[in-house]
Structures are given as C-alpha cells and as structure tokens.
Ligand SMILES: Nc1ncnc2c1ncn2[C@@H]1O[C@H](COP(=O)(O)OP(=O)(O)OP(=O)(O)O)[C@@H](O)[C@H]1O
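As structure tokens, one chain now follows by itself in the form predicted on its own.
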Amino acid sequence: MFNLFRTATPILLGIDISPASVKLLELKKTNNSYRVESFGVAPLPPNTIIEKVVKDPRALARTVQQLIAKVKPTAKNAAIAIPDSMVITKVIQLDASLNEMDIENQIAIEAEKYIPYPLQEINLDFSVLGPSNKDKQQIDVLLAAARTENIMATVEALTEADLTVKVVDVQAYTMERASHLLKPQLPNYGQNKIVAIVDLGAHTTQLTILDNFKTVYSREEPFGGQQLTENIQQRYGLTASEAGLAKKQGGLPDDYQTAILHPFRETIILQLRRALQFFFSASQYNEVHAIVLAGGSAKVMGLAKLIEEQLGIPTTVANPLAEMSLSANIDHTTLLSESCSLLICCGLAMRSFNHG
C-alpha cells in the first residue's frame, strides 16, 4: 500500500517536483489558520525529468539537498505527488460488513481484476467513499494503483537528500485539497459552485473541474509556458535561462507583445475553450461559474482579463497563501512571485493536518 488516503500525523514538507523545478513548502496550523514556516524553489537541470519520469535521480537529489540547505525546514518527512496519468483508479463495490483489514485484503484480490500489471510491480491504496447507490448492502471503495517504478526514482532521490517520503499523493487530489484555500478569491462563491482550475505548467496544462470543491473532471493538454520561453529564445537569440528571466522580469523589445505574447495568450484561450468543450460534452454540466489560473504562466500579462472577456467567465489568479501568516525567515518577494504556482505544494503540505 502507498499512503495515498491515510492520515499523516507528522509535519510534512510539500515537495512539488516538475520537469522545470522543485518547490518546497512547510506549513504549521494554529486553530483554523496556516502559517508558512519555510518555502523555497530551485530550477532542475535540463533532462532531469523526461516525459514525467525521473531520468537523473542524482541531479534531483542534489537540487533538493541545495534547496534544503538554503531554506532550512524543520521537518524531515515529505509528501510528493505523481501525475494523474500515472495512476489507475477504479470504484468498486464491497460488502458493507467488512472492517478495514478485511477491505485491505479484499483490495489486493480485486486489484488483480482491474490492474494490468503484476501486483509485485504496483503500489496500492484505497478509500471508502460510502454506501453504494447500486446496493444498500455494499459500499463504494476507490481503488488507486501506480507502478512502483514510477515512484521509486523520486523516493530514492529524496532519501539521498536526507528526507523520508511518508506520502505519495496524486496531483488531482492535491489540487482538490488546496482548492479550499481559494474560497476568499471566488466572487459570490455561493452561486459559483462549479470552478475550473487551470494549472499552466511548463510543459502541460491541467484542467481540473470542481463541483462544490469535489473533482468531477480532469484533463491534461500538452501545452505550457515552455513554449513562450522557446518563442522568446528563437526570436531574440537568447539562452533558455535568459529567456525565462526576461519572461518574468520584462525588458524585451517593443514588438514582444504583438509578435510573441499576444499569440501565446490566444493559444492558451483556444486550448482552454477546447478543453471546456470536452468537459461539457463528456458530462452533465453545461457551464462553469469561475476560472482560477494557477502555475507558472498564470501571471502572464493580461491573461486573466483576456480569458474573462473572451469566455465570459469570471477569472482570477490563484493565491492559496493569501490568508496565511508568514514566519520571519520567509523571502516575501520570491513567495509572492511564486504564489500562483503553489497549489500542489499546499495540497501536499496540508496532508499533515487533513485526511486523504
């Protein structure tokens, strides 16, 4: 079993590992509020992660070690997330009279029916969803499985960096957990029950639809902020690091907005419009009440306003830390610039305090 749905008691570092960077977040909770205890972000060397698989564990371990040395978090236990596409999920029905140990034993048997890999090659977990609508004598149980080889390279790299991975989560679940932090940013949320979170990563864009903060749809598109960086590189003859810096800090020639930025924003809107159409056609839903932009490209100049104008849906940029206090050692400037990219980190760090 991998600790996907279990309650985690120790304080956990939320560590979000993407092809472009490693982000680390440590939270503490007092009453009903959170405080950011430590935070840091570091770029990953090129080709450390290729097609969502860690190809260079040593490079990942070094990056995490350097980040820990800089940030100095107090916790040594970590929570990580794997992409949805690496996880197989299935809702099954079991006898309602079974206790948790019986369910765990039955899950191993049921997994053989649904998982196309030998049991010794996978990690399993489950969550009891409640009484089944199909049969009152049964319960619905969510079965989740991931190939061990897709997890172990990351776990071993963090072990080399002197961390202990206590939780392996799924990105969709971390986004759902962290979405509760966005409530203050949603206008008239009582009427805006269906929210689309658009996570604009470096290489992929993840659309997650929440109905009353429960995930009802998720879709990934192979498009992200890296395309903007590459377009800047090619047009202005810059290195990748120079282009990435210019994208964030500005200082590009006058034709940047018309030649590069505007087409990029239009492509995002086209991708989003298409993804929403897929959602509507695949579900009983026919509208979305609010859009929240997350990820590294969420703050692209004028993007939120343009989406709102063209799609007619209120759109805001995520800031899951807006209601949190900060410890004295936090780099406020860096934290503010990265806040829209920290949904997954927040969802992972919150596993210290929340069930599944």
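Residues carry their position along the shown sequence, with the first being 1. Nothing here was measured: the structure is a model prediction, and the numbers come from that model.
What comes next is about the form predicted together with the ligand, which is not displayed.
Asks: Check each of 79, 200, 163, 145 and return the one that places a heavy atom within 4.5 angstroms of the ligand in the predicted bound form.
Replies: Answer to the contact question: 200.
Asks: For this chain shown on its own, do 55, 123 and 150 all sit within 4.5 Å of the ligand in the predicted bound form, going by heavy atoms?
Replies: Heavy-atom distance to the ligand in the predicted bound form: none of the three under 4.5 Å.
Asks: Is residue 299 one of the residues lying within 4.5 Å of the ligand in the predicted bound form, judged by heavy atom distances?
Replies: Heavy-atom contact with the ligand at 4.5 Å: present for residue 299.
Asks: Give a yes or no for residue 295: in the predicted bound form, does one of its heavy atoms lie within 4.5 Å of a heavy atom belonging to the ligand?
Replies: Yes, residue 295 lies within 4.5 Å of the ligand in the predicted bound form.
Asks: Taking the shortest heavy atom distance, is residue 339 within 4.5 Å of the ligand in the predicted bound form?
Replies: Residue 339: no contact with the ligand in the predicted bound form.
Asks: Given that the partner is absent here, does residue 248 sit within 4.5 Å of the ligand in the predicted bound form, heavy atoms only?
Replies: Yes - in the predicted bound form, heavy atoms of residue 248 and the ligand come within 4.5 Å of each other.
Asks: Using a 4.5 Å heavy atom cut-off, which stretch among 115-123, 94-102, 218-226, 280-288 contacts the ligand in the predicted bound form?
Replies: Flagged stretch: 218-226.
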